[in-house]
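Consider the single chain below, provided in structure tokens and representing the form predicted alone.
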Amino acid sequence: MSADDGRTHWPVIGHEEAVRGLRDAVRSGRMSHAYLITGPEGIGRSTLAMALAQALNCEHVIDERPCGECDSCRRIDHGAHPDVTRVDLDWQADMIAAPRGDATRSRQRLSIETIRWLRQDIVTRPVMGRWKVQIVDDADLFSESAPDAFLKTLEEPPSFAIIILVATSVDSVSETVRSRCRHLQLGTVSTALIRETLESRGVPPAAAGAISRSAHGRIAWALRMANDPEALRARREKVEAALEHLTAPLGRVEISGVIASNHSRNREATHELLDLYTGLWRDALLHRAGLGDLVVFPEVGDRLAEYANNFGVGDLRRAVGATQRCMGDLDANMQARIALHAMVMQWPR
């Protein structure tokens, strides 16, 4: 069931409890001055934050907010509302000048300069809506000095202002920041609801099924894939490449060689590959156990099932565990070549 249960017009799929709480707060006027929305990337955190901004400034009667149709809702949706600002690393790179000699800073951390901009902006009264709203994506990427500079603003913003922080987990945000916010933890959305949503938007059933199983509960990710054929094609190519790494000797050599050497320059790409490896080994285990209808990569299902039949269930479980340990080793800053080589050596062959 979607969050729109007949009593709310919020454009959010899933996350019913969080939507109900925010909707009731808007209707009663008992808003918190600062919110922290957490959950995996692609799960709908920013969608919920934008829906709250719309509900606060929607021009319709209170029981119909957000309507999604009034001038205010449309402006917020298009990033053109004067009282609603959404900040992330891309915004920072465009809007905030980097200190001399620190040209890469704007692509890595939210800086003290960005916090100063937010502090100055939040005290100006709304010019069009009821509320001044700041949405800070990438809130788990504050620079070292940024949290302390933001504390007083989070603790005592103006009466007309609400600040919404978005992060991957509550632990990724400093304790001094999260203690000043009301925390909303978003869980995953069911595969069935994701599939139903995609099909209702015209995605063919076969594609909707494949995307929903691959989404791991990330509704925003699923919608992005369904709406971007190029992104979906690129993902299929990555899955094919990852399968080649698992099944071919030369593919495994590439993991310990090219991929390891590139890790320091593109850590995100390495982690994306490890996530694919983990998913493929889990699928192999499911195929081996006769549970092929539960796999998340059905597009390579026949080949992976045939490959999995060469190994025992215990072998495939060890492969999943080795890949997960490699993720932890890289997060602990183990040398990439050592961590990836150790992982590959524990894969069945």
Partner chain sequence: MRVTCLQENLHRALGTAGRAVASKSTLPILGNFLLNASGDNLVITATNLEMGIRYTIPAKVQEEGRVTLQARVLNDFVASLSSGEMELLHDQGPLTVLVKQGNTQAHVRGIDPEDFPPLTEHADEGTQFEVDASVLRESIEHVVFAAASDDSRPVLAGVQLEVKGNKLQLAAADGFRMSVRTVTLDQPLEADVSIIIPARAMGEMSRVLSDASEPARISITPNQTQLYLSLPDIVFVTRLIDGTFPDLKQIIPTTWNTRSIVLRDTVLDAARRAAIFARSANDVVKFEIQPPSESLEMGQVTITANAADTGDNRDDIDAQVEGEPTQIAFNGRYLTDVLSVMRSASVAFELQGANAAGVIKSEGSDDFVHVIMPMVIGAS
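Numbering follows the first chain given and starts at 1. No experiment lies behind these values; they were computed from the predicted model shown.
What follows is about the form predicted in complex with its partner chain, which we do not show.
Student: Would Ser145 count as touching its partner chain in the model of the complex under a 4.5 Å heavy atom rule?
Tutor: Flag for Ser145 set to no.
Student: Does the 4.5 Å heavy atom contact test between Ala97 and its partner chain in the model of the complex come out positive?
Tutor: Answer yes; at least one heavy atom of Ala97 falls within 4.5 Å of its partner chain in the model of the complex.
Student: Applying a 4.5 Å heavy atom distance criterion, does Arg75 contact its partner chain in the model of the complex?
Tutor: Arg75 belongs to the contact set for its partner chain.
Student: Taking its partner chain as it sits in the model of the complex, is Asp121 near enough to touch it, meaning that at least one heavy atom pair lies within 4.5 angstroms?
Tutor: Yes, Asp121 sits close enough to its partner chain in the model of the complex that at least one of its heavy atoms falls within 4.5 Å.
Student: Which of these residues, Arg233, Arg201, Arg265, Arg125, gets a heavy atom within 4.5 Å of its partner chain in the model of the complex?
Tutor: By the 4.5 Å criterion, the partner-contacting residue is Arg125.
Student: Would you kindly say which of Gly209, Gly257, Pro82, Gly187 lies with a heavy atom within 4.5 Å of its partner chain in the model of the complex?
Tutor: By the 4.5 Å criterion, the partner-contacting residue is Pro82.
Student: 266 to 274, 241 to 249, 178 to 186, 154 to 162: which one contacts its partner chain in the model of the complex at 4.5 Å, heavy atom to heavy atom?
Tutor: In short, 154 to 162.
Student: Is it true that His15, Arg27 and Tyr35, all three, sit within 4.5 Å of its partner chain in the model of the complex, judged by heavy atoms?
Tutor: No, because His15, Arg27 and Tyr35 lack any heavy atom that approaches its partner chain to within 4.5 Å in the model of the complex.
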